[in-house]
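What follows is a single chain, given as structure tokens, in the form predicted alone.
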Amino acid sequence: MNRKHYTKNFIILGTIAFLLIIPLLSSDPYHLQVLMVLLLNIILAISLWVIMTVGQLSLAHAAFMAVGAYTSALLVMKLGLPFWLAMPASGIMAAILALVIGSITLRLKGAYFLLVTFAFGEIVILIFSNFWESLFGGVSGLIGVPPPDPISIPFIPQVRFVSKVPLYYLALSLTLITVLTIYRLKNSRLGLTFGALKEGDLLAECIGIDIMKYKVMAFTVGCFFAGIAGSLYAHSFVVVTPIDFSFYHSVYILIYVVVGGESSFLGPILGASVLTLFSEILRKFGHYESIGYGIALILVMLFLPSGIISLLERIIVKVQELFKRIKG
């Protein structure tokens, strides 16, 4: 392993350690809520990245998050299931829906698939807004979604999710599990096959790869984690409304990946982190937040076509050169 990899690993481990001790440094509910949103956005960005590794763009990622959020909330509120069963069920529901939709539409490419996912996302939001109001709550959504059930571990005090601190650690745990799972997937034979489809699906088909099978698999995996993110969102923020999962939310998730750098595994993570914090800075300017996102996207495309991750890699190289000179 070369020095560049050592430096990257040091930065990653240092970041995780910092995230673990944040509640010890500040338990301000606002700060923890911003970080929870950041962690949710990382899950959404890295799960969309999985879909993009097979060369497909989706504008329905927020819709699959909505499916997960409503599934989890309704299973707990209407059927009385514990959160720890409702959460995986929400991911499975989103994955099943993705399997059905993907099997029908993934033969389309480029703008055609993009338009289909846009239409699907709008249909999902319309259903939650205008149909079966007694179940979905209409435009007002579901109010009073209960927090996750307490966890009882032998020899450890019961963990109750009544404040932002345990919810933050839950979000951090799910984010780390998601990132680690997708990282292992990326470095597996399946991940290499996904990459081959992005480079040229016709060539992949010529050497015997079932391109539809692997595209549907990538789409299903990505949407599964979007459903999990929806479940976490619903039980962390109490209220679930259709407007939370609009087309614009899907666009923002796509921007996280593109601005961070879609060619790198760390790109979506970096993009989601930087732009979420950037969004909080711009929030006081109201509608100008969207303009700020647009400007950020334009600047990255002009000066960092490989994403923010390329800038981080340049900084790492410069730091290593500096240390070499100091040692020399």
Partner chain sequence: MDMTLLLQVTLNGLMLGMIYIVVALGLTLIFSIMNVINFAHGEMYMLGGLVAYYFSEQLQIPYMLILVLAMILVGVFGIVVEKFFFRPFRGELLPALIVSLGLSMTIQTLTLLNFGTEDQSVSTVFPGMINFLGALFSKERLAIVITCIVFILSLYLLIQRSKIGCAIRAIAEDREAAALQGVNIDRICSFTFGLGCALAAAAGVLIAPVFYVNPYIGGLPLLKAFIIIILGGMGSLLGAVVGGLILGTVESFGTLFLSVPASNLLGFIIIILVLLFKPSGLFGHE
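So that the term is clear: the rigid core is the largest set of C-alpha atoms that superpose within 1.5 Å between two forms. None of the values given here were measured: they were computed from a predicted structure. Residue numbers count along the first chain shown, from 1.
The following text describes the form predicted in complex with the partner chain, which does not appear among the structures shown.
Note on the partner interface in the model of the complex: the residue among V238, L126, M77, V165 having a heavy atom within 4.5 angstroms of the partner chain is L126. Taking a 4.5 Å heavy atom cutoff to the partner chain in the model of the complex, the contact residue among F118, F161, F136, Y169 is F118.
Within 4.5 Å of any heavy atom of the partner chain in the model of the complex lies no heavy atom of I153. Contact between K284 and the partner chain in the model of the complex is not found at the 4.5 Å heavy atom cutoff. The partner chain in the model of the complex comes within 4.5 Å of a heavy atom belonging to Y293. Contact between F131 and the partner chain in the model of the complex is found at the 4.5 Å heavy atom cutoff.
Of the candidate stretches 229 to 237, 84 to 92, 245 to 253, 138 to 146, only 245 to 253 has residues with heavy atoms within 4.5 Å of the partner chain in the model of the complex. Within 4.5 Å of the partner chain in the model of the complex, a heavy atom is found for every one of L59, I104 and L114. Residues of 294 to 315 placing a heavy atom within 4.5 Å of the partner chain in the model of the complex, in sequence order: G294, I295, L297, I298, M301, L302. Residue displacement note: G292 has its CA displaced by at least 2 Å between the shown form and the other one (rigid core superposed).
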